[in-house]
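Take a look at this single chain in structure tokens; it is the form predicted alone.
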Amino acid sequence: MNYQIIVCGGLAPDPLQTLEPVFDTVNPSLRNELMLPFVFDPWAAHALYEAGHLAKQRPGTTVRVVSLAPKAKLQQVMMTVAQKLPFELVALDGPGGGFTDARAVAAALAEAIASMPDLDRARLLLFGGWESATRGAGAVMQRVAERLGIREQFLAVDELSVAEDGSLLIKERIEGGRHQISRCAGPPAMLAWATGSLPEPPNHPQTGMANMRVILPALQKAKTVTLAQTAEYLRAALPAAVRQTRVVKDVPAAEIARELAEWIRQ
């Protein structure tokens, strides 16, 4: 069986940058956000690599990426991501980052997916990141799946394999450093990926050029999305740096632990 794999993924500022929030009760943002270099969200990137691996194993499988982000930034990032593996892009031009509401983002993504004219729910596998590098809400993929009527949902996925009878064997992280193995009869299903088990694919310029022939027209046709802001922000600031150092000798470990616990409580 071949599948229709749809990967939901946004953008995140390059983690090597210094990020400084600019406080606004309605629309907080990052200082010089439009000037910051961005990358494809690392959680969603794992989902994309797993999608590409499954597509290679199942001839006829298609991979699409649905992304909500500022169009100019999305075009820059796609120049790199397009070299990793073949996929189609469905672009939504709208705000991204950690100050967007998970419910509004999920509604926009679900609407874009549901409006695809050739969507085949009997072959649909919805992929995405378990969380995100910008928000970490861990709720967007579940909300998208619910809006699309997908009841088979798997979180913190590390591995997916297809059994001989066509069922899906899914390895999910659970407490205590263990994994839970689930069997799903087949699509439709939603898989929110953790780190996965695959390395980042090497760049392939020919794949990138072939992808960009489809991606650039998709960016030009990107639908403009305005997200409803339901949250009210009372404060946005970098964590305060606190360093209190004391050099001691011949102090038992239990005493050190007690002092640390007391310091944290204070």
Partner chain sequence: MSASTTAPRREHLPALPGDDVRQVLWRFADRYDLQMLVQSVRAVARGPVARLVAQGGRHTHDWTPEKHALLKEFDAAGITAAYLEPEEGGFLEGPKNLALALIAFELAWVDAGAATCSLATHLGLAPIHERGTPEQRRHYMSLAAPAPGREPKRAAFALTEPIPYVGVETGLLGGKVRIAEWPEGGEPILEVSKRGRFITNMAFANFVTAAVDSADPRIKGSCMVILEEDDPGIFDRGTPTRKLVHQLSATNDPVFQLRVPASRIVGGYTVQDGVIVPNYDHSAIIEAVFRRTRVTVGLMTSAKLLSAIEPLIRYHRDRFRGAEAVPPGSPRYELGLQQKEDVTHRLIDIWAAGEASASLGFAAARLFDELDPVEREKDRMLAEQGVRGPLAAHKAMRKRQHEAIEFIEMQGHNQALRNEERYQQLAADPVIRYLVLDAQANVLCPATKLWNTGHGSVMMREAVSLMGGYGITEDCPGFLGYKWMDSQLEATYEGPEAVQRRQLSVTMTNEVFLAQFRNWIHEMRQIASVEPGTGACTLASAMHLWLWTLEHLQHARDAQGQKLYQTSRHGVTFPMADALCWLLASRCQILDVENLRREGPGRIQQGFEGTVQFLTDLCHVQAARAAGEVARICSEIVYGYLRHPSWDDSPQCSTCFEEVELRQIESVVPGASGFTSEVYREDGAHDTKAGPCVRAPGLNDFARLRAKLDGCLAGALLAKDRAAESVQKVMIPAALDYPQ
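Residue numbers count along the first chain shown, from 1. As the structure is a prediction and not an experimental result, all values here were calculated from the model.
The discussion below concerns the form predicted together with the partner chain, not included here.
> To verify the annotation, which of these, Q57, T226, T230, N203, has a non-hydrogen atom within 4.5 Å of the partner chain in the predicted bound form?
Contact with the partner chain in the predicted bound form is made by N203 alone.
> Thinking of R121, L124 and G149 as the candidate spot, does the partner chain come within 4.5 Å of a heavy atom on all of them in the predicted bound form?
No, because R121, L124 and G149 lack any heavy atom that approaches the partner chain to within 4.5 Å in the predicted bound form.
> Using the partner position in the predicted bound form, report whether P70 sits within 4.5 Å of the partner chain, counting heavy atoms only.
P70 belongs to the contact set for the partner chain.
> Any of the heavy atoms of P28 lying within 4.5 Å of the partner chain in the predicted bound form?
Close contact is absent here: in the predicted bound form, P28 is far from the partner chain, nothing within 4.5 Å, heavy atoms only.
> Consider A253 of the chain shown here, and say whether it contacts the partner chain in the predicted bound form, taking contact as heavy atoms within 4.5 Å.
Output for A253 is no: heavy atoms all beyond 4.5 Å of the partner chain.
> Any of the heavy atoms of Q83 lying within 4.5 Å of the partner chain in the predicted bound form?
Judged by the heavy-atom cut-off of 4.5 Å, Q83 is in contact with the partner chain in the predicted bound form.
> Heavy atoms within 4.5 Å of the partner chain in the predicted bound form: which stretch in 135-143, 74-82, 190-198, 110-118 meets that?
Careful reading of the contacts points to 74-82.
> What residues in 193-221 sit within 4.5 Å of the partner chain in the predicted bound form, counting heavy atoms only?
Heavy-atom contacts to the partner chain in the predicted bound form: N203, H204, P205, Q206, G208, M209, M212, R213, L216.
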